[in-house]
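Coming up is one lone chain in C-alpha cells, specifically the form predicted alone.
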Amino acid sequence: MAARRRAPGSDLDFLREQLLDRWPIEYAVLGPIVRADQAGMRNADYAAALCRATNDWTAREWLDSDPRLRSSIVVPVEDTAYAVAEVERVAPDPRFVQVYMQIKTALPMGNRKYWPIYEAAAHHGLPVGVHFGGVGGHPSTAAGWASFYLEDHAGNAQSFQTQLTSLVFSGILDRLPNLRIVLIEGGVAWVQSLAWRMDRAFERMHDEVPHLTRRPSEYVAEHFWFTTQPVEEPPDPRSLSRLFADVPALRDRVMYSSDYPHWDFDAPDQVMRTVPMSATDRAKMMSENARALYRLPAPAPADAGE
C-alpha cells in the first residue's frame, strides 16, 4: 500500500521531521491562516464560528500533542464584539501567546473600531501579531489591484508601513502603554526611514495629533517587534549591520521566523548568516527576544551529575 502523501504544515509528525527535530528548536509559535477576514466582510457569524473552530482544533490536534508548540488566537477582526469574545474565551489557555490579525484590514488599524481588540489583548498581557495577508475589501496595493503575485509580494511592505503609521498616530499606544505589536513577514529595513519621515512630519503637524506625548520614533522603538522572514538582505551584508547599529532598539525587537511551510521558508541555520553580528545579538534574534516577548520559560539546566 502506498504511503500517505503529506503536505507540509498539515501534519504534526511531518512538522517534527522537517523543522522541530531537525534543528534544536525549543518553541514554535503557530500562526494559523484563517480566511475569516474575507468571510467576515459579508458574514460575521460564519467568520466567528470559523475562528472558534480553528482555535479549538489547534489546541486539540497540535498543542496537546507537543509541549514545544504555542499558538496565536485567530479572531474575526471585522466584528469587534466577536473578536473580543474570542480573546476572552481563549486567552486563559497559556499556550496561546498572541492575538492574531492580518495586515490588510477594512480600515486602517489605528481606527477606533479595532481598539477593543487591542484593549482585550493588553488586558491579558498578549501581544498582537499582524501577519502578511488579508484582503479587507480593498485592492492589494495603494494604487489598485496588482497584476502579479510577485508584485503583491514585493510591495506588501507598504501595507505594514501604512498600518504602523496608523497605529502610531491614532493615540492607542498612549491609551495602552503595555500594548505590544509584532509585524510578521513585513520586512525590517524600512523601519528607520519611516521613523525619520514620521518624526519630520510630526514636527510640522503636531497640532493635528495633540494626544501624542512623544515623537513617533519613540513609539516605534517601544511598542513594535519585527520578524526576520522575509528579511531584506542587501548585496553588501554590512548594510543590514549598519541598520542595527543606527537603531539599537532593533536588537531587542527582531525575532527569527521560519515561515514554514511556505515556499520562502528560512531555515534557522541560514537566516542572515552572512550579516556580521555579535553572538549576543544573534542569540537575541534567534531566541531571547521571542522568549521575553512571549514569556516563554528558559530551558531547564542540565543536571551536572548526568
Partner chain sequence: MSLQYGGLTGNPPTAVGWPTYLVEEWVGMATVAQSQIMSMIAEGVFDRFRDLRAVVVEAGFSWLPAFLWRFDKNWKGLRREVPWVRRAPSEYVREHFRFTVGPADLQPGEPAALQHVIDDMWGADLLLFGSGYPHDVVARPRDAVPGHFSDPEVEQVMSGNARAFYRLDEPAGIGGRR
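Note that the coordinates shown come from a computational prediction; the quantities given were computed from them, not determined experimentally. Numbering follows the first chain given and starts at 1.
Only in words, not in the display: the form predicted together with its partner chain, which the text now covers.
Q | Every residue of 31, 46 and 223 near its partner chain in the model of the complex, heavy atom within 4.5 Å | A | No, because 31, 46 and 223 lack any heavy atom that approaches its partner chain to within 4.5 Å in the model of the complex.
(Q) With a cut-off of 4.5 Å between heavy atoms, is residue 239 one of the residues that contacts its partner chain in the model of the complex? (A) Answer yes; at least one heavy atom of residue 239 falls within 4.5 Å of its partner chain in the model of the complex.
Q.
Taking any heavy atom pair closer than or equal to 4.5 Å as contact, tell me whether residue 155 reaches its partner chain in the model of the complex.
A. Residue-level check for residue 155: yes, a contact with its partner chain.
Q | Proximity of residue 71 to its partner chain in the model of the complex, heavy atoms at 4.5 Å | A | No, residue 71 sits far enough from its partner chain in the model of the complex that none of its heavy atoms falls within 4.5 Å.
Q. Is there a heavy atom of residue 84 no more than 4.5 Å from a heavy atom of its partner chain in the model of the complex?
A. Taking the distances in the model of the complex, the answer for residue 84 is no, it never comes within 4.5 Å of its partner chain.
(Q) Within 4.5 angstroms, counting heavy atoms, which one of the listed stretches 123 to 131, 225 to 233, 85 to 93, 175 to 183 is next to its partner chain in the model of the complex? (A) In short, 225 to 233.
Q. Is any part of 203 to 220 within 4.5 angstroms of its partner chain in the model of the complex by a non-hydrogen atom, and which residues would that be?
A. Those in contact are 204, 205, 208, 209, 211.
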